[in-house]
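Just one chain is shown here, as structure tokens, and it is the form predicted alone.
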């Protein structure tokens, strides 16, 4: 049986999980469930887990509105110590980032902490969320 890892080694350990599913709202429950399971693995509180589930759902809603029909929505989760980074991306018809001055963006920021978005050369729009365990409100 392997020995327990030192605390400083645990913080350096990082897990990457990628979920790829059709860019259709009918599949978002799978993504919400994956988000909750991964957040629980990092010992997030029930409230923090629910915030992340809602934040991922909101980010997906922003992206699905402009997704190229028949493409996939990709969600990458990076788990490190006491934080989770989530990047949701999809090929879009126009390559426009979500507006940051909307109520939806404000809600997303309050739920997830750090929020950003980018557009790739192929019009792939990505919304990135980062939440730390135990962080009260925005980071």
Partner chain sequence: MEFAVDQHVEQGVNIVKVSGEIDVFSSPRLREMLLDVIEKGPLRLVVDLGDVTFLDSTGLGVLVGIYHRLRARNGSMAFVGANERVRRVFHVTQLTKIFVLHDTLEEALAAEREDSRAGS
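Numbering follows the first chain given and starts at 1. Under this definition, the rigid core comprises the largest set of C-alpha atoms superposing within 1.5 Å between the forms. Everything numeric in this text was worked out from a predicted model, so none of it was measured.
The same protein also exists as the form predicted in complex with the partner chain; that form is not shown, yet it is the one meant from here on.
A.B. asks: Any chance all of 39, 87 and 126 sit within 4.5 Å of the partner chain in the model of the complex, going by non-hydrogen atoms?
C.D. replies: No: none of 39, 87 and 126 comes within 4.5 Å of the partner chain in the model of the complex.
A.B. asks: Name the residue from 54, 34, 83, 91 that puts a heavy atom within 4.5 Å of the partner chain in the model of the complex.
C.D. replies: Selected residue: 54.
A.B. asks: Is residue 47 a contact residue for the partner chain in the model of the complex, using a 4.5 Å heavy atom cut-off?
C.D. replies: Contact with the partner chain, yes.
A.B. asks: With the partner left out here, check for me: in the model of the complex, does some heavy atom of residue 68 sit within 4.5 Å of the partner chain?
C.D. replies: Answer no; every heavy atom of residue 68 is more than 4.5 Å from the partner chain in the model of the complex.
A.B. asks: Is residue 79 part of the interface with the partner chain in the model of the complex - any heavy atom within 4.5 Å?
C.D. replies: Heavy-atom contact with the partner chain at 4.5 Å: absent for residue 79.
A.B. asks: With a cut-off of 4.5 Å between heavy atoms, is residue 25 one of the residues that contacts the partner chain in the model of the complex?
C.D. replies: Output for residue 25 is yes: heavy atoms within 4.5 Å of the partner chain.
A.B. asks: Though the partner is not shown here, which residues of 102 to 127 have a heavy atom within 4.5 Å of the partner chain in the model of the complex?
C.D. replies: Heavy-atom contacts to the partner chain in the model of the complex: 103, 104, 106, 107, 110, 111.
A.B. asks: Taking the rigid core as the reference frame, is the Cα of residue 47 displaced by 2 Å or more between this form and the one not shown?
C.D. replies: No, the C-alpha position differs by under 2 Å between this form and the one not shown.
A.B. asks: Is residue 102 one of the residues whose Cα moves 2 Å or more between this form and the one not shown, with the core superposed?
C.D. replies: The answer is yes; the displacement is at least 2 Å.
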